[in-house]
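A single chain, nothing else alongside it, follows as structure tokens in the form predicted alone.
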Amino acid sequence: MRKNNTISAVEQSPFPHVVVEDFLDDDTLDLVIDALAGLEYSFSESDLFSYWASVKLTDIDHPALNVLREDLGDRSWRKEVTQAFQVSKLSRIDMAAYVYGQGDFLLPHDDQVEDRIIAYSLHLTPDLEELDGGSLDLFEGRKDGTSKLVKSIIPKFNSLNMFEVSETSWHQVSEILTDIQRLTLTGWYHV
């Protein structure tokens, strides 16, 4: 289950985002990792991305994933998210798992698809370091149409990164540079 954590102050630059460390208790964390290890992943590649993706996990009936969905969607946590990001409401939630291996990446994009309002990523790779790559990079958009990398977040094990999806929420997953697998459970809250 989710630990009794709260969202601290949301950072506003370059767009609203927050990192909630130590998100799940140890038992739930182990169960979620085991559940994800038992899934089938398909390799996807284009000029914009290279990674392994699971099927959509939103409707899969699995005890550990059910608990995680309940934790991310429970009333108190939704209230915490809506207050922190100053959004009026959150409706459905979706999720999938992604594995990035050496050479994999996801180039800058803004996540504006359908009615997404808040993006989240639960990081499940122990001991990921800056030298490994795989950082969540945040960009500041400029009026002239260019952008500038302003923040790199190294995914800490059992941390939940969240950000508001908007026309300025440009971000990427930097290339994995070593022989490590970056496992992330990612999804979106919708309006």
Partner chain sequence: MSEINFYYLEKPTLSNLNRIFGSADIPFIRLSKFLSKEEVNFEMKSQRDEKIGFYKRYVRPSHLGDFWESKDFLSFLESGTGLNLKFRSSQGQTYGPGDYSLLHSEEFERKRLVVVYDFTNNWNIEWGGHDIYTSPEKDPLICNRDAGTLMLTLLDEGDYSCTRYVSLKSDSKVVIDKVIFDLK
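Positions refer to the first chain, counted from 1. Nothing here was measured: the structure is a model prediction, and the numbers come from that model.
Beyond what is shown, the protein has a form predicted together with the partner chain; the following relates to that form.
Proximity to the partner chain in the model of the complex, taken as a non-hydrogen atom within 4.5 angstroms, holds for one residue of S50, T28, S159, T125, which is S50. Stretch 104-112 is the answer when you ask which of 117-125, 104-112, 73-81, 87-95 has residues with heavy atoms within 4.5 Å of the partner chain in the model of the complex. Contact annotation for the candidate site: E45, W170 and L177 all lie close to the partner chain in the model of the complex (heavy atom within 4.5 Å).
Taking the partner from the other structure, the partner chain in the model of the complex has no heavy atom within 4.5 Å of any heavy atom of G38. In the model of the complex, S147 approaches the partner chain with a heavy atom inside 4.5 Å.
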